[in-house]
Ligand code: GRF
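Shown next as structure tokens: one chain only, the form predicted alone.
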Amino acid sequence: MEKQRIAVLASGSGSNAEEILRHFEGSALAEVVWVGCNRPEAQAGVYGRTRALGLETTPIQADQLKDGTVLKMLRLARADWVVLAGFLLRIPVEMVRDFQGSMINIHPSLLPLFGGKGMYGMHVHRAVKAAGAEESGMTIHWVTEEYDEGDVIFQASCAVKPDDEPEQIAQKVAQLEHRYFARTIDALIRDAVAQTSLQHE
């Protein structure tokens, strides 16, 4: 069986992208073949993180996402899976359709709470704090045309103490993301590969 090919889209520090690359290093199941980022290197740590692991991050522009250039890049990379790891731009309909059932996103709250347009990064953790929520967490879900509305694949939660500041909430959520995101991707790919081989028997 050929290895499944994963493409990752990121917008920031790239800590989740790094965890995914490390997880699939030496894996017989899948490998990360392409990483794209919509911010220049001076504004995003993902470039340095992937370079240290032997993979250059490709800079992409918002208009390239809209005009289909990024979709062409993904096809050229022969990506089987697309993983959004802190990627802040809306995915165009054509791309969602092209990777139906193989494009996933991670969100730093327990969706449907604290999701939707403008809810990303510290905005989410500040909103959790402002709401006086007693727990937060992260959600891995399928990507649809709307922000944060795809079916939930996996959630993990953490307690929020009354004296936790947004930065502390962010830290707790990031730990959950790093613990579970790559593992969940791995399980999804295993499941899909098993289904495919069943169909071919």
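All residue numbers refer to positions in the sequence shown, first residue = 1. These numbers come from a predicted model, not from an experiment.
Same protein, other form: the form predicted in complex with the ligand, not shown, and the subject of what follows.
Between 71-79, 126-134, 90-98, 103-111, the stretch whose residues reach within 4.5 angstroms of the ligand in the predicted complex through a non-hydrogen atom is 103-111. Not displayed here, the ligand is kept clear of Thr184 by more than 4.5 Å at the level of heavy atoms in the predicted complex. In the predicted complex, Val83 stays away from the ligand, with no heavy atom inside 4.5 Å. Using a 4.5 Å cut-off on any heavy atom, none of the residues of 52-82 reaches the ligand in the predicted complex.
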